[in-house]
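For this one, two forms of the same chain are given in structure tokens, first as structure 1 and then as structure 2.
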Structure 1
Amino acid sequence: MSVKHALLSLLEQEPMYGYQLRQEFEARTGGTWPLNVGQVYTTLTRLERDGLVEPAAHDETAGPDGDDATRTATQTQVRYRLTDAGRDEVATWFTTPVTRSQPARDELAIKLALAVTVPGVDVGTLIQRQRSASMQALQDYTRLKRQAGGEQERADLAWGLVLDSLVFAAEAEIRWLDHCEARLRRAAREGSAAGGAR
């Protein structure tokens, strides 16, 4: 996930302190991907170095050329705002599709690929267990959705959409498992019809 772009886009709204950025990020994503404070400040330091953000007010103790240790100590008192370059970066981010050039390593897909090739694995049971577990997660997300009340607040709407994303991903996993099961059954039928040839 791009912490950099998330922080930059939050600053588009108004200048903020580091702790505020973290709060705002979690309000919108329901704490699904917790950010630690250290991560926020390291990112801000890098963004400032790259000229994408700058201190909003110049009443801080550390000057812009202070060393890193004192910067970190005083960073908590700094409100950051976007520079023009930062604003351009945000605009570019929102208008560029997320690329998934290299599929993320998916443990389940890998496990199944191995299960169907390694001898002696009960693939049917593997699939059913996984489906129950994924179903359980899906039920839990759905319960969170039911609890999340109205969507009057923009941040609640954002969190609702993040939850939906988790819901659809879990659903896709279950559909894929159903599909694997159906294909394996067909392969088994055809295999036995063809005299057990692979």
Structure 2
Amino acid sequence: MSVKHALLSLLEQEPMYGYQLRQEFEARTGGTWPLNVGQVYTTLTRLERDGLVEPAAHDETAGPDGDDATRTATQTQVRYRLTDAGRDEVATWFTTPVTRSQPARDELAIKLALAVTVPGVDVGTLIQRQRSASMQALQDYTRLKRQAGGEQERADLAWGLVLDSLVFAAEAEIRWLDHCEARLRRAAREGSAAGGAR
């Protein structure tokens, strides 16, 4: 996930404080990928260094990032806004396809690839347990979709799209686990047949 581009796209609407950016990101994605506020500020610092954002205003009073009790008088909150270069970066991001040249690490695929090569691992049980967990996740996402149904706000549409992605990913994972199980059975049969022919 590109935190950099997510923050830039949110700043396209209006200048915001780091804490506001975090809240907006999590609201639009349903909290699926929580952001650490420290990560937000680190990213904003890099974006400012690269000329993609700039301070819009300084606020030395308590603001969205905390209250007087949690901040000292010397702390200054900065609202950030996009620069022209930042707008260009957002436009490029939205019009460029996400590349799949280097797939993200998939812990389940790695686990299964190793499980079939490590003696003593019950791969069938591993697949069954994962399938149960994936089915539970699919049911949870489907329930969330039903609860969110009918709302027309843009944030609800954004959360709905994220939920759709999670549902499709869970369905694909279950199909893939079925495929893995079938391949294991076929390999076991072929191994038995080869052993019997000796």
Partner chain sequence: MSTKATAPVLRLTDVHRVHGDGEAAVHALRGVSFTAYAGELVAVMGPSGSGKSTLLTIAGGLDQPTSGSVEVEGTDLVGLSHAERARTRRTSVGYVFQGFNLVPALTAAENVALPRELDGVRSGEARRDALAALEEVGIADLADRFPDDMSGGQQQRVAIARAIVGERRLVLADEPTGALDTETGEEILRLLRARCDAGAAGVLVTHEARHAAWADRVVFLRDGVVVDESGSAPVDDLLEAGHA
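Here, residue number means position along structure 1's sequence, counting from 1. Everything numeric in this text was worked out from a predicted model, so none of it was measured. Whichever C-alpha set is largest while still superposing within 1.5 Å between the two forms counts as the rigid core.
Comparing the two isolated copies of the chain, the second one is the form predicted on its own.
For residue 129, a C-alpha deviation of 2 angstroms or more is recorded between the two structures after rigid-core alignment. Core-superposed comparison between the two structures: the Cα of residue 117 travels 2 Å or more. Once the rigid core is used as the reference frame, the Cα position of residue 10 differs between the two structures by less than 2 Å.
On rigid-core superposition between the two structures, the C-alpha of residue 182 is found to move 4.4 angstrom.
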